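The chain below stands alone, shown as structure tokens; this is the form predicted on its own.
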């Protein structure tokens, strides 16, 4: 018997996709507070305003983040969600859990919370939804002492670093993403748990330009695996793709009636820089022009491999559309080696933080700071020489990286005198 009528939410169950409403109703059979969640969400839809209020900061002793406080502004009507705090749990690198770990979390959350959780939030954390203030310290103790897990980041700090599967299960990994993610998480525990930044800062690790964790679109500091020598070519395998002996794209499109594989139409003509050609039955690549898009390697994985001199490209400044629209990260450092304790990458991270903590405004992501202050200034701070790839529109303003004193006569010009010399 439903505790609250939810005609608006019920409509969400009628679509073709699984509905969170159905999940909540199933959980409500054992957790009464889930009925109050449904009731409050229904009321929010009806009133067209949220009924969650900002209730101040809640957390655990010694940490400034990891718990997101939620309070209902109608607690008398929905007492089960008067407190309904969210707990973020730092996921293991690449999200490799043991079965025991997951069972322990489920048992603990059934006992101390609503039993509902997300796998995973946009930052990557396991997100435990709904508990009361008096349970927080006990949850923290059980996570850290019994399960060897930690809270993730929230607020103006380093958010929980995340990474792709990397070399654990992927042949394209150009560096050990799991090791890098684990190392950064342990190195920057203070920045992760004690908010001191203008706003959130996300670091994500993708082992190759396929970017399976969407680091370029979602993280302030994207570490994308790449190579700086030539793509390795197996010409015999190329011939087998051309003859149809090998199925392109690893068989991902098998069953589609797209006809015989056409290397010109499906690979060469789709190269964004036009750096590929077929000469005498041999595939040729002008590697100096290759932009590492991965399309040709994805299409013919048995014929093409990344080069052997591997490392990562650093892109900075992506964000979701909260204030001024979404922003894709900008390539800042074309190549660094990802070895040892990842000191080269850490030096770049700390340069970013030093500048951003001085120049960034409150609740301004680093990409917004770069946009406001200017990419040339940021490149100078980072100690990076400008490259053509740093310029969005190279021919619209070729002087973008020049200072006034570096231009003979400065930037001021007498237009009338110029026209006398160069009539239109």
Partner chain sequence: MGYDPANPLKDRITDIGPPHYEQFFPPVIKKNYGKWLYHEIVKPGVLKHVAESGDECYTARVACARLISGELMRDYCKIADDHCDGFLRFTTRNNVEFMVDNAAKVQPLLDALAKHGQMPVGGTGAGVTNIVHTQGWVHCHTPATDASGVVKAVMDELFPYFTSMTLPAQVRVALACCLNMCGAVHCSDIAILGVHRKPPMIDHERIGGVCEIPLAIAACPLGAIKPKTEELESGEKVKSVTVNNDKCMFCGNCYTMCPAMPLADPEGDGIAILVGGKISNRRSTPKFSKLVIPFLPNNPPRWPETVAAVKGILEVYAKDAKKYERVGEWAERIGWERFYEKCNIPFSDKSIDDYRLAYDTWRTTTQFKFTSHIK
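Here, rigid core means the biggest group of C-alpha atoms that superpose within 1.5 Å across both forms. Residue numbers count along the first chain shown, from 1. If you're wondering where the values come from, they're calculated on a predicted model, not measured in any experiment.
The same protein also exists as the form predicted together with the partner chain; that form is not shown, yet it is the one meant from here on.
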70, 94 and 107 each touching the partner chain in the predicted complex (heavy atom, 4.5 Å): yes
Contact flag, residue 316 vs the partner chain in the predicted complex, heavy atom cut 4.5 Å: no
Touches the partner chain in the predicted complex: residue 305 (any heavy atom, 4.5 Å): yes
Exercise: residue 295 in contact with the partner chain in the predicted complex, heavy atom 4.5 Å: yes
4.5 Å heavy atom contact, residue 351 to the partner chain in the predicted complex: no
Candidate from 196, 236, 119, 347 lying within 4.5 Å of the partner chain in the predicted complex - any heavy atom: 119
Contact residue in the predicted complex, chosen from 78, 84, 227, 201 - any heavy atom within 4.5 Å of the partner chain: 84
Partner contacts for 194 to 215, taking the partner chain in the predicted complex and a 4.5 Å heavy atom cut-off: 194, 209, 210, 211, 212, 213, 214
Post core alignment: residue 382 C-alpha displaced by 2 Å or more between the shown form and the other one: no
Displaced residue check between the shown form and the other one: residue 74, CA, 2 Å or over, core reference: yes
C-alpha of residue 63 moved at least 2 Å between the shown form and the other one on rigid core: no
